[in-house]
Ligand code: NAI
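Taking the form predicted on its own, here's one chain by itself in structure tokens.
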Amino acid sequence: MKSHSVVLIPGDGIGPEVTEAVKQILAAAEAPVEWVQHEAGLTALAQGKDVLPAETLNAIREHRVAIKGPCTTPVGKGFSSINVQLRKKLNLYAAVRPVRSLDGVQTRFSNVDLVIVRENTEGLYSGIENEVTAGVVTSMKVATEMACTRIARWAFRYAQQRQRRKVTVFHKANIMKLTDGMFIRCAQQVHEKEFSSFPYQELIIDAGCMKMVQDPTQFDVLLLENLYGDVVSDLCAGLVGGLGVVPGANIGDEDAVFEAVHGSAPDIAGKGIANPLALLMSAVMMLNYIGDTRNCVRCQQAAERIKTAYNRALADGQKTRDLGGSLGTAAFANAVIMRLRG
């Protein structure tokens, strides 16, 4: 029975605690993975390495799949963001954030089921800024036809394969006629040439956000450029309980890195109270990805069993403190494992 090597980056702060919980749950589900541990962030710096060591990056290139706990990039000390480095060096152009309502997690809405697909490599996040003269700076928004077409095709293919209902592009092409204009034009062309029978919609982003908070059920898969995707994915997370209950993935043509999108929370590190759910949900995404790309039925079966188990745990009131419960990290993991076993 074949196992799949996965690079494991525990991360900083609460990272090692939630990572250990996820490892235990995947073991209980008999997920066919073997962990190859490497470091990044403050943990790597403490070992005299870079925030994203070359050996960590090379390991991801070798094994093709990684899962990452929250990592800290020191602020104001000249270090590049770990996440930005990963995206650029591995060409992880599709940031994918599924967002759905969970039984037992009470929010304003109870039937949210969205997937945000964010272009991950350009836009204003290209980081090209200049001081024109004293007191005047500019920031360049980059859009290329190649990247806009690539992310549009990825979003439509994902939506079709997952039997989703519709793809909606949020944009501001009425103001940014060239950059956002290119983004929607590429989406239109991909839709017309390759996915013409699939429902497609365009909305100016401010109107789209208003409609989102009025009734998120009118949306399904959202396709956005980099900055918009960053903002809207967190907005959507707020509809279902916050960043502690949503997974995340950064996917390219060759490699994929799955991660909890919340921070490292150093203020509660070591207290055993962190919620491992976001990283666990990301691990389920990872197992499904391995199942799809490597034809691993056992991975998909383990993913479904884990998802069913944590859904049952939440519905039964087994929640960590951030969700209004009383369980610590290990106790929540045990609650999920109990439901895996029975």
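Note that this is a predicted model, so its numbers are computed, not measured. When you see a residue number, it is the position in the sequence shown, counting from 1.
The form predicted together with this ligand is left out here; the points below concern that form.
Novice: Among 269-277, 57-65, 22-30, 309-317, which stretch has residues with heavy atoms no more than 4.5 Å from this ligand in the predicted complex?
Specialist: So the stretch in question is 269-277.
Novice: Identify whether this ligand in the predicted complex is within 4.5 Å of every residue in the set E17, L327 and A333, based on non-hydrogen atoms.
Specialist: No: none of E17, L327 and A333 comes within 4.5 Å of this ligand in the predicted complex.
Novice: Please determine whether R87 contacts this ligand in the predicted complex, using a 4.5 Å cut-off between heavy atoms.
Specialist: Flag for R87 set to yes.
Novice: Residue-level question: is L92 within 4.5 Å of this ligand in the predicted complex, judged on heavy atoms?
Specialist: Contact with this ligand, no.
Novice: Does T72 reach this ligand in the predicted complex if we count a contact as any heavy atom within 4.5 Å?
Specialist: Output for T72 is yes: heavy atoms within 4.5 Å of this ligand.
Novice: At 4.5 Å between heavy atoms, is H171 in contact with this ligand in the predicted complex?
Specialist: Because no heavy atom of H171 falls inside 4.5 Å of this ligand in the predicted complex, the answer is no.
Novice: Only one of A265, L239, I205, A249 has a non-hydrogen atom within 4.5 angstroms of this ligand in the predicted complex; which is it?
Specialist: Selected option: A265.
Novice: Of A147, V105, L124, V261, which one comes within 4.5 Å of this ligand in the predicted complex, counting heavy atoms only?
Specialist: The residue in contact is V261.
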